[in-house]
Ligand code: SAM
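Next up: a single chain in structure tokens, the form predicted on its own.
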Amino acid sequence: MTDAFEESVWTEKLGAGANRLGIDLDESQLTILWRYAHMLRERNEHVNLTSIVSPEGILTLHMLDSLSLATDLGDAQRLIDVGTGGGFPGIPLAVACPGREFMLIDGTQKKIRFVAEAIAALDIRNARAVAARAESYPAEEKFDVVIARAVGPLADLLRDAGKLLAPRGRILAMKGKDPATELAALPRGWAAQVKRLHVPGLDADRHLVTLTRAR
């Protein structure tokens, strides 16, 4: 990945951006994420994993965008990233939060195969990747947090992934513009909080919707 940044420049910008988000990434973590970005670009030449292929785009629109919700994970220990695609936000979060366990699922075989191979190659021991959709994932396995990034309407997300939550679990849904229309369509029994996210280097709307069962 040499057409825009050298490794030292890219990792320095990633580290600085993460610090602005309240995250401290050490040298080994930055190196892992650099290697992941390199693997993503390399594999993307043969398999369509993402339309974002520039080093700057991967840095901002994938890595920092994923890390922007790290401080909202609370005390969650078991997390599942539904519809992870090329591994976002699950991989950056797993690297940044080594004390938590992450399950990454996606229904597209070629994408989850790449994610699984990258997890193994980069020795990310607190992450697993499985080919599955949220609606067909075993409901007996419960998670503290369900994470979703750009995976459709909130009502559909609740229908498909709500069963995966532990009794006091939360769904963290990453959205672009404030999803007021989607919020109005939520089924009864769920409460929502909306927070604006600020991604370093990104001049676009980003919001985090936290969904919990109403008490």
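Residue positions are given as counts along the sequence shown, with the first one as 1. Everything numeric in this text was worked out from a predicted model, so none of it was measured.
What comes next is about the form predicted in complex with this ligand, which does not appear here.
- Although the partner is absent from this view, residue 62 contacts this ligand in the predicted bound form, with a non-hydrogen atom inside 4.5 angstroms.
- Although the partner is absent here, residue 101 is not a contact residue: none of its heavy atoms lies within 4.5 angstroms of this ligand in the predicted bound form.
- With a 4.5 Å cutoff on heavy atoms, residue 133 counts as touching this ligand in the predicted bound form.
- Among heavy atoms of residue 149, some come within 4.5 Å of this ligand in the predicted bound form.
- Taking 94, 115, 79, 82 one by one, only a single residue has any non-hydrogen atom within 4.5 Å of this ligand in the predicted bound form, and it is 82.
- Shown alone, this chain has one stretch from 116-124, 138-146, 71-79, 103-111 that lies within 4.5 Å of this ligand in the predicted bound form by heavy atoms: 103-111.
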